[in-house]
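Here we start with a single chain on its own, the form predicted on its own, put down as structure tokens.
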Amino acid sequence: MNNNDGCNRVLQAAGNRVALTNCGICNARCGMKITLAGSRIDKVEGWTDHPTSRGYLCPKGRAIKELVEAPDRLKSPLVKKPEGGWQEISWHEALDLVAGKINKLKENYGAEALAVHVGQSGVGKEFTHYAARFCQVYGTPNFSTAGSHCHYSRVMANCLTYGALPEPDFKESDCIVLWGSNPAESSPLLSREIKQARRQGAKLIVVDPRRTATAGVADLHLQLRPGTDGALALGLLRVVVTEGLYDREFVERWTVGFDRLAEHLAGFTPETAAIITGVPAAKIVEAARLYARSGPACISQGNALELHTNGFQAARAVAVLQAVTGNLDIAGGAVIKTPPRLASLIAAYNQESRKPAIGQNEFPLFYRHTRQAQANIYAEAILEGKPYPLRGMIVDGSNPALTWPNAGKVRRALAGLEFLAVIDHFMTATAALADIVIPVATFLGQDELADWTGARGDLRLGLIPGTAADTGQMTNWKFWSELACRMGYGDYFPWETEEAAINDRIKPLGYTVEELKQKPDGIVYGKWTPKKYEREWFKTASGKVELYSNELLRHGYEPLPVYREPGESPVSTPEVFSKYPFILTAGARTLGYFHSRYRNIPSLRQIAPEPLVEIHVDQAGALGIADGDRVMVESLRGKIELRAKLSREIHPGVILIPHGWAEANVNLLTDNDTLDPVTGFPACRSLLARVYKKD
């Protein structure tokens, strides 16, 4: 089979049919070859000729048959009965019920009383734009996504510095920095690129409080105290600036505020950074020299960098480090790609609600950059009416009861809503709290657009086709379209089919869905060329890299990257630290799972059968804890029980717990009261906790 077969064509093979598509579980979009016996999946393999994955498929993708055919998968809408339990209803009844409930909310309280949240399953998916469009025509400003606690902090930090979030080009890099990023677990395709670069001689620096497998083979591992990333970045910058390791020509021509930056860094010596971070000063100097003297070099910023009360400023400091070393928009550096020009789905805002979005006043820059509400403070709006009451929610592809910080408070808030609808494949912890649960098709049951471009080269947009393997379910897009039409918004949702909607979206590119179906490698909508800023300038107010940001200053924030201690730390809250002597970092990825998903899939459960708390051997010994012991982990918010995993690879003062486990929900320990002042992001990776053996 080769690329000429067409990425969506169903082919005959030994009496069965073969469908070529892409996995939609994460953003890697690996190619998938599915052999069908009738409409059932017989076999799942990696698609060898796929333009990016070239045959690789992670365990989650290989388990798609188990996911589609899972015995606990929901097949019909369920409505909660007054006496408890669930009753199956038809799709028409479900849509009518939702429409009626949110119409009543609007009549009684105003449109802003409804919030709509689309979770990680909507990241990079077309239906997210239609959910946002629905909110616009309904009139609520309270549309939010997983960006409330993932990714957007980095986007903002980089955009405020040089107008875009670049992508690290591992393949051509001479020095790769993985900062709070562990692609071996979170993005194996990128891990493969890093290994290839290493074989070509690239150096590797890993910033992580844990000695991961990748950190174990790195040239330098900077094992810092969680939440001190900003101090480390400023320490590295100090070395680069004082030793003249920056790109003088680039700095003089393409940046503003360098003199102010240099003055700002004067007191931030490697020794100062070492005291704060726990990374030896000599290692900080060595890392700065290795990165700055390598050409080109790139930094991969993981979401562990941003999940702190000081995460935005840390990401800003890292963005400045990339800029002053001249590693912007060059092969092997931080590549700035041009997204495809798609038709906008922004509708005219319904002016019935003149209330600001939740979080718009508290985090104005977050709202300005995302045009979204900040979901981390929804609980206050529900429980306390601040800044006004939320009365209803529609949650699409998210599990807030497990994945949002301060989960105990979140559960109380969700349970206190007048109406809660959840769209999901399974009866999740959040769905169990809902008034109605609406199942939808997996990615196999719907067409999707995807950008298949790597860091450099041709810019490609492709069609991820649906297959016959998951028919009979409503798609997410269909739900929002049908709901809109039932509520009288048909003029804003004129498309009869999803294909018609995609045709409108790609019209500016001059292509149709039918044409995309014949192009398995996607269509080339542009070509990356280095240093676009020399022709188009940077997308900032000054047209240059803003080391000193007047926009931040205008909003009352520090215009230069600063370091502030995490809201809860051994330094900022010593009285708490005396009782809770470990730094808890929550949310590390596991290859078999994606946030709270797939623990019900047998083959994936075997990879990580139960939740564990990782603790250093020496610290465990002092507490009388042996490997495998049942222990309690407690913070100011709550406590959970789970088994201990002893390790020599983790920072001695740190404990690590993965999130997404209903059996031991680490977000019962995390906080949403003290948030990053710029973005509203929570501190899931640097909180205080204690561990003790269960009686």
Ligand SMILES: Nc1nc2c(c(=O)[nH]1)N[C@H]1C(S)=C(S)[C@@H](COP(=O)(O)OP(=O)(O)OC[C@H]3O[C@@H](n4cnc5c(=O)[nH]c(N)nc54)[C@H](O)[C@@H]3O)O[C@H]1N2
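Everything quoted here is computed from the prediction, not taken from an experiment. Numbering starts at 1 and runs along the sequence shown.
Missing here is the form predicted together with this ligand; even so, the following discussion is about that form.
Although the partner is absent here, residue 208 sits close enough that one of its heavy atoms falls within 4.5 Å of this ligand in the model of the complex. Interface membership of residue 307, defined by any non-hydrogen atom within 4.5 Å of this ligand in the model of the complex, is confirmed. Although the partner is absent from this view, residue 149 contacts this ligand in the model of the complex, with a non-hydrogen atom inside 4.5 angstroms. At a distance threshold of 4.5 angstroms between non-hydrogen atoms, residue 590 is in contact with this ligand in the model of the complex. Heavy atoms within 4.5 Å of this ligand in the model of the complex belong, among the stretches 222-230, 570-578, 493-501, 165-173, to residues of 222-230. 186 is the sole member of 370, 542, 186, 136 with a non-hydrogen atom lying within 4.5 angstroms of this ligand in the model of the complex. In terms of contact with this ligand in the model of the complex, the residue from 391, 425, 238, 411 that brings a heavy atom within 4.5 Å is 425.
The single residue of 122-136 lying near this ligand in the model of the complex is 127, the criterion being any heavy atom within 4.5 Å.
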